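Okay, so we've got a single protein chain in two different forms coming up as C-alpha cells, structure 1 first and structure 2 after it.
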Structure 1
C-alpha cells in the first residue's frame, strides 16, 4: 500500500505502472500443443486432458444426462439468482441492437450497412476451485441475442471428469448445447482448427490463465479473432470526503481478491478519506477467506491524493481503468468526463460486484489500459458490419466521372475502366 500526494503528470506513468505480463515465453509450448491438435485432433485433446487435468475421458462432449443431473443439483435460490442476472444482462444487451443504416449519398447512389452474426463463436470458461458461471452468462447471452448459429463452450473437467453443476446449468439456461470437457491451450487449439468432435470457430471469447491467454494470442495468427487482449483485472475508485470509507474499502478488496497481480487504485481529494480507507482495508481483510491473495495485491495498491478535480480526471483517463467507481458529491462531473474506462459504477450503492454479476452490463472488459482503444464485450462483439451499395444508371452517370478522375490520379486505370466501360454503354443507350 502506497500513498502518493499530488503526483505530477510526468510522474503518472511510473505511479500507475501496471504489472507487466508477457506470455511470449509460453509460445513454444503453445506451438507444440497446437501442432499436436492439428495432427491428432480429439486424441491429442484427450492426451493433454490426461496430462494437465489428470483425467482420462471417454467423451469430450457433455451429455444431456450430465446436463439434466446438473440442473437438478443446483440449489433453487442460486438458480433464481442466475435467472435474475440473466434477465438483466439480456435486457441490456438486447437494447444494444441497432437497425440498418440506409443512405442515398447522392442521387442514384444508395449505401447501407447491416450487421450479421459471426456464425461460429467459441467461449472459454476457466476451471479451477470456483466455477465461473457468471462468465457463461456474459458471453452466451449476447451470442444468442446476436444470432450466432454455432456456440461452442470449452471448459476443463475436474479430476473426476466433471464440469461444475453451476456452469452446466447456466450454459443450458442460455441454450448452449455444444459443451466440451477440454481446457487450456488444447481447448483454444481445438476451437481454432476444429477436431473430429469440436467445430472450428471464427472468434474466441473468454478469460483464462496465462496459458490460455498465450494460446488466444497465438490463435490470431491462424485467422481466428479474439475478444480482446488480456491483462490482470483492475479497479480505480474516485472518492471524495462524502464517500463511505467502509464501502470504498470493500470495493478495493473485491478487486484485490481476484489475484495477487490485481491492480487497486484509489484517487481522492480528501486525505482523511484516504487514511480511513486504508484502515478499513486492513480491518476488512482479516474477515475474508482469500486473505493471502488479497494481501499480495494490496502490496501494490496505490492511494493517490489529488487536490484538483480536473487533474484527477486527467490522471484517471491517462490510466484508463477496467472498472471505475465514482463516489463523490459531484458524480456527474466525473461521469461526463470519462474518456477511457471499461465500465463505470456510480454512487455509494453501486459496487463493482453488481456489474460483475447482475446489473446487466458485461464484465468482460479491457484491462491494461486497453480501454483507450477497446470496448468491453457487448452485442456488437458477436456481429460484423457489412456495407452494401447499389447504384442506378442515373447514379453512375452522376458519380462516374468522379471515380474516373480519382482512379486515374492514383494510377489505377483498370479501376477507371470499370466505370468508363459502363458510362460508354449508358451514353450509347441515350
Structure 2
C-alpha cells in the first residue's frame, strides 16, 4: 500500500480522486431504460429484472402472504435488534421536529412558515449480495414521522424471485405496504413515471450503485426530486499516534466491504500508525467473508501522511467525506473545523457501523464530494416548508409605498398596480 506524504494542495484533486464514472458516461444506458419503462411499463420492468437479476416474475408487488412468511422467518433476536435500532432512529428523528415560525415583520404584516409532508415518496433499498434492511429503517422511519401518505419501496429480488426476509419484516414494522420486486435503473424509472402497478412519486430516496445514482439524477429532469446524489460508499479516518491501529483498520474495512467501487482513506500525522494500520488491514481482511470485494475496494485505498494539523483539516474538507471518523488526542480540534462531511464519528469507541445501524443518526449520506453542498437524509428531507403571509389594511398602508417604488424601479407596473389599486380603495374609505 502506497503512503502519500504531505501532498500539496495542487495535488489533492488527483490524490483524492474517487473511483467513480461520471454521470454523463452512464446516461446513455439510463436513457435507454427510462424510455423502455415509459413505453412499456410493467413489461419493461419484468424484462430488465430477468436480464439483470436473473429471474422471471409474474407479479412485481410483494404479497401479504410473502410479508407474513418473512415475519415468521426472521430470528427473534434479530427482530429485537431491529426494534431497538428503530427506537433510536425514531427518537433522533422525532427530536428534529420544529415548531411553526410566526413573525410580524412590521405593524400589520404577519409572515409565518409551516411544514407539510411530501405526499408520495419512493424508497430505493439496495439488494444484491448485501440486502440493506437497515436502509429501510433509515428511510421509512422519518417518512412515517413526517406523515407521508404514500410510501413506495423498491428493491431487487434474488434469483429465486424473493426479497430478503429482513427487508420485508423491517418494511412491515415501519408500516410500508407498497413493496415491489424491482431494482436498478428500472426501479428509479418506475417511481419517476409510474407504471400499471407502481405509483409515481414526488421524491426519491436511497443509496445505490453508480447506475442508480445516475438514474436518480436523470429523474430530476422529469420533475421528481431526489434526496441527494448518494453512490458508492466512502470513509475517511483522521488518526494520530494515540489511535488504536486495529480499530482504525476495522473501520476502513467496514466500508470497503460495501463494494468494489467503495473508497477508504486514512489521514494521519504518524507514519508508524499508518504502517500498523496497513498490516492490520491485510490481517483482518483474511478473516472476513467478503474478502474478494474488500480486496478490490482496497485498490482505491489512500494512505496519506500529513504532518501539519491545519493542512490535514483543509485536505479533509476538500475531500468532503461521506463518513468521517476522528480518532486523535485532540478530537475537538478537528470537530470544530468540520465544514464538509456527511456524518462524523468521534473517538475510539464510535465505530462507523453504529451510524449505519442503530445509534439513531441516518446513514443515507452524500458521497463523491457532495457533502460540500448536501446534507444527509433527515426529517426535513420528507417535509416542505411553506410560507404564509397576511397583511392588514394598516399594514398595506405602511408597506405599500415601498412595494410600489421597488416594482416601478424594476419596470413591473402590474406589480405596482396590484398595490396601488388597493391603496386607492383604502384612501377612499378614510
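In this text, the rigid core denotes the largest set of C-alpha atoms whose superposition between the two forms falls within 1.5 Å. Source: prediction; values computed, not measured. Residue numbers count along the first chain shown, from 1.
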query: Form selected (criterion: the form predicted in complex with another copy of the chain); finding: 1
query: C-alpha of residue 384 off by 2 Å or more between the two structures on rigid core; finding: no
query: Large Cα shift (2 Å or above) at residue 365 between the two structures, core-fitted; finding: no
query: Displaced residue check between the two structures: residue 91, CA, 2 Å or over, core reference; finding: no
query: Angstrom shift of the Cα atom of residue 35 between the two structures (superposition on rigid core); finding: 4.2
query: Inter-form CA displacement between the two structures at residue 213 - rigid core frame, Å; finding: 3.1
